[in-house]
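The chain below stands alone and is given in structure tokens; this is the form predicted on its own.
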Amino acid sequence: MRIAIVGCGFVADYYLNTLPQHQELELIGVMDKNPERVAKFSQFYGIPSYQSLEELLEDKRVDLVLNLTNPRSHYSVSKACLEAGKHVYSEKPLGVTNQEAKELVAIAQEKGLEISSAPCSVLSETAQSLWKGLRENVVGKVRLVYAEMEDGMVHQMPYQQWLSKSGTPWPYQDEFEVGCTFEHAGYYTTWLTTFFGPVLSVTAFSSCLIPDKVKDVELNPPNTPDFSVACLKFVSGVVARLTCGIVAPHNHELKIIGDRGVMGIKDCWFYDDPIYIQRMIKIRRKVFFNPIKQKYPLVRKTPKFPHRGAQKMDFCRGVAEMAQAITQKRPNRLSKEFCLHNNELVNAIAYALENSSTYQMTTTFEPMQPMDWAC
């Protein structure tokens, strides 16, 4: 499958880092609206470049386009690619509005093309092994899930010094303006919808807790949420609580609570993250979880690939899945309908700041004083 990349920014290096793992993918060119950036990226990796998107789309050799542009450009770039007869794999989100995402899926459907979007971490060894354990009912009937996607106080980190492998700065203005929910909530929504089916309802709250994150530029909009929390009700009856933010301490933990114990991991950004099980113990009239955790084996050993920073993810695995599905004429695991559902779900959480209704409390009380022995 011959592919081309649109967008040579920070995330493009992550894809190039794991592309050699997938011999079925042949990268034939890259393009970026910034001439200096594409020249630097093209020279660093020794890859031919296109002068414009039009030139790329006119290249009949290109079967599939990786859309790695700014999220607010995803719709226009993906639409142009689909209308030119190219399959599209887009970075998240598929569209920053539900209408954008629906239109892209409709165009792909009409033209018999595939469109899919990141993240693809649900295809990881850890996620697939976890799913296998759930199918095997290892913790009994699942009732509740706690998923955390907290990245720590990013605004206090030296983010202006962060560089990609090829030397591209982290696009902090775009990241803060788009928001952590759009950027990262999908890492767990895709897992949960895979494990427990479509979501029936979302009750969400989001807020901008630190409006003055950046001193050198003016953010637009200035109040993009940096914290969100959502309760998800699945068709299967499972309920999940998902938090996402860049204020609380770093925490990427997942806990799946069943009738016979808890199954979980520490970090979904590691494709080989160990899976643990905590069994319930009954002693007399009390029930509690055994502090000793059992390990649940991964279905296979994670292939070796280079990784940088706070994650160990194969970014190209979703692209390879799409390419294989097209070649083998089978359904894509990250189907357009799956991606559209998760896009709608993340939208519901991210825009809760504007659309949620708030119940006004009618009672109050004076602050409680600590116990004398706790002062």
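From 1 onward, residues are counted along the sequence shown. Note that the coordinates shown come from a computational prediction; the quantities given were computed from them, not determined experimentally.
Keep in mind that the form predicted together with a small molecule is not shown, yet the notes after this line are about it.
**Message:** Under a 4.5 Å heavy atom criterion, is Thr69 part of the interface with the small molecule in the model of the complex?
**Reply:** Close contact exists here: in the model of the complex, Thr69 approaches the small molecule to within 4.5 Å, heavy atoms only.
**Heavy atom of Glu175 within 4.5 Å of the small molecule in the model of the complex** = Yes.
**Request:** Would you check, heavy atoms only and a 4.5 Å threshold, whether Asp314 touches the small molecule in the model of the complex?
**Result:** Asp314: no, not in contact with the small molecule in the model of the complex.
**Request:** Answer for Ile3 alone: is it within 4.5 Å of the small molecule in the model of the complex, judged on heavy atom distances?
**Result:** Flag for Ile3 set to no.
**Prompt:** Of these, Glu114, Glu150, Glu183, Glu100, which has a heavy atom no more than 4.5 Å from the small molecule in the model of the complex?
**Reply:** After the contact test, the surviving option is Glu183.
**Message:** Can you work out which of Gly197, Gly140, Pro171, Pro303 has a heavy atom no more than 4.5 Å from the small molecule in the model of the complex?
**Reply:** Spelling it out, the residue with a heavy atom inside the cut-off is Pro171.
**Request:** Go through 72-80, 106-114, 242-250, 132-140 and give me the stretch that gets within 4.5 Å of the small molecule in the model of the complex, heavy atoms only.
**Result:** In short, 72-80.
**Request:** Decide yes or no: are Gly9, Arg37 and Glu91 jointly within 4.5 Å of the small molecule in the model of the complex, with each residue judged by its heavy atoms?
**Result:** Result yes, every residue of the spot touches the small molecule.
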